[in-house]
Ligand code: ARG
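Listed next as C-alpha cells is one chain, alone, in the form predicted alone.
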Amino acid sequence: MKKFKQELARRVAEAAGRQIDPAEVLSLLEAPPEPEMGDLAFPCFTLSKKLKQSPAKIAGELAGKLKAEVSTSFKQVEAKGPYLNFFFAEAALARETLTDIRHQADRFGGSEEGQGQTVVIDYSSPNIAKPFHIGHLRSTVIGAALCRIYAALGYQPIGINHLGDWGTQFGMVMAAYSESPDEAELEEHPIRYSLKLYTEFNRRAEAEEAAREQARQWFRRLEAGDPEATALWQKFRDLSLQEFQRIYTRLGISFDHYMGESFYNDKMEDAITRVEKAGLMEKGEDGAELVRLEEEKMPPLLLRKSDGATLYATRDLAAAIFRWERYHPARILYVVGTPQELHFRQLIRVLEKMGCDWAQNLVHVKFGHVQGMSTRRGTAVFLEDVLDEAAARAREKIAENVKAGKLDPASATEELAEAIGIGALIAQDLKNRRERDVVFDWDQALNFDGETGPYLQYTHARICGILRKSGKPVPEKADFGLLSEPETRELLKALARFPEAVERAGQENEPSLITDCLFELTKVFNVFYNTHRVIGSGRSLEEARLLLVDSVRQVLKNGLTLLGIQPLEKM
C-alpha cells in the first residue's frame, strides 16, 4: 500500500505544478467511506488556499490531467466534489501485495526504519512480596507487544522489568517473618505468604508504635547492608521472581533485564548531586530536598525526605540517567498507568531543567484501568488466578464447540485451552485504545465469533485447514489478473494495509492499531470465502486464490505474533 501511496503522492504533486509537497499529499490521502467511491482519495482543501480556487474545481482539473497518465498501478481517477478519487488496477494490487507477502514471509509488516537505534521499554514492574495482580496485566501485555513491534521495525528493544523491590514494606515483612518464620510456607507460596505477613503486621503497626518502630529498624538494617536483613530480603526477592517467571512463561514474555528499584541504590547520590550542580535543589519548610516546578504549574518533585530517605522519584531520576548513559536510546518508554502521569511530567521537566536535552526522548505510555475482572472465587487479586480462570473457561468453550461440531474433538487439549484462554485475555486488552479503561467480560472475550482472540485464532486455523485440504503447494506466483472481484479487492487492500498498521503502532505506541487491522482482515476474508470457491475453482483461479488465502494466513500469523497471541494451526 505504501508504494501505491508514494507513487500517487508524486503524481498528484506533479499535476498540481508542485504547489504541494509529495509528503503532504501522502499525509492527506485517505480511504473513502465506500469502496464504490474508490480505493484512495485526496482532499483538495489544502490546495484551495494556495491556488485561490474552489476544492471542487481543483479536483476536476487534476482529474483531467491525471486521466491522461493512468499508470499500471491505477486504472481510474475521478473527481467527486472536492475529492480526487483513485481506483487501483487489480492485477497490480494483487501482484505487489501477494509477492511482497510471499517473499518477506514472517518479516512482512516490518521495516528497517529503526536500524541502529535502541528503544528502552520499562514495563510490567510488579512489587516483590506482593501479589502480581490484574492491574499489572495491562502494562505487561502492552509493553511486551511494543517490544515486538519495535523489533519488527528494525529497532533494538531493551525490555526492562523495573521491579518494586525496595521500600518500607520490606521492613514489615521481615519484622513479621522474624517473629514466626515458616520456611516451608515461604518456599511453597512465597508471594501469598509475604502478603499475609505484610497484611497482618501492617494491621498491628497501625495500632502499635512499637510495631512501626520494629519495621523501621529492619528496613534501616537493610539500607545499611546488614547481612541478616540483606539475606532475608534476597530470599524474598528470589522466590518472588521464580513465581513471577512462571506467569511470564505462560504469557510468552521475557525481559532483557530485571533492574528493580534496589539496582539504583548506589546511583541516587550521583543523581541528587547533578540536580544540586544544576542549581535546582531547594529545601522545603520541613527540611526535605526538592525541585520546585511552579512555573510549569506542577507541585515540586520531592527527592529526599527530611530524615534523609530517598523516594520513588529519586530512583526514577537515577534510572533515567543510567539508561541514557548506558544505551543512548532513541526513546525510553514507561508503560505505566495513567494515574502516574503527573509523576512522569515532573520527572521529564526536571531532567530538562538539568540540561538533559535527551529528556524529550522519554515517553509515558499511559493506559487506563481494567474494570469488571473477577474470577469465580470472587474479586481477582493474583494474576495467576486470572490465567487459570481463562484456561478453565476456554476449556468449557472448547467442549461446547466440539459438541456443536465446530471444533475437531482431537484438538481439545489442555494446550489448546491455555493458548485460547491467554489469547482471549491479550486480545481483550489490546483491542482497546490503551488510554481507555477496559471493561472486561469473560463471555465476550472467549467468544469464537466477533472481535476476540479466539476468533482470530480460529480464522488462522481455518485457513491452515483449507491449505491442508487442497493437498497442493502454495504457488510462488499466479495469474494476478484473475483476482479482480469486489470481495477480493477488499481482501487485498486489507492485506496491503498491514505494514502501515505496524508502522503507526510504533509511532503512536498503540498495539490496538494492529488488532484493529487483524479484525478487519478476518472480516473481509470471511466475506470473500463465503462468496468464492477456493478449492475446485479451476486450475489457474485455484492457484491464484490459494496464494491469496495463504497470504491472509501469513499476515494473521505475523499480527498475532506481534500481539503475543499464539497462531493455531488446528482447532
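One-based numbering along the sequence shown. None of these values were measured; they are calculated from a predicted model.
One more form of this protein exists, namely the form predicted together with this ligand; it is left out here, but the text below deals with it.
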Inset, instruction - Could you confirm whether Ser125 comes within 4.5 Å of this ligand in the model of the complex, counting heavy atoms only? - result: yes
Inset, instruction - Could you confirm whether Asp316 comes within 4.5 Å of this ligand in the model of the complex, counting heavy atoms only? - result: yes
Legend entry - Contact label in the model of the complex: Phe344 to this ligand, heavy atom within 4.5 Å: yes
Inset, instruction - Using the partner position in the model of the complex, report whether Gln340 sits within 4.5 Å of this ligand, counting heavy atoms only. - result: yes
Inset, instruction - Work out which of the listed stretches, 84 to 92, 440 to 448, 331 to 339, 415 to 423, brings a heavy atom within 4.5 angstroms of this ligand in the model of the complex. - result: 331 to 339
Legend entry - Triplet His136, His162 and Tyr312 all within 4.5 Å of this ligand in the model of the complex via a heavy atom: yes
Inset, instruction - Heavy atoms within 4.5 Å of this ligand in the model of the complex is the criterion; list the residues of 532 to 548 that meet it. - result: none
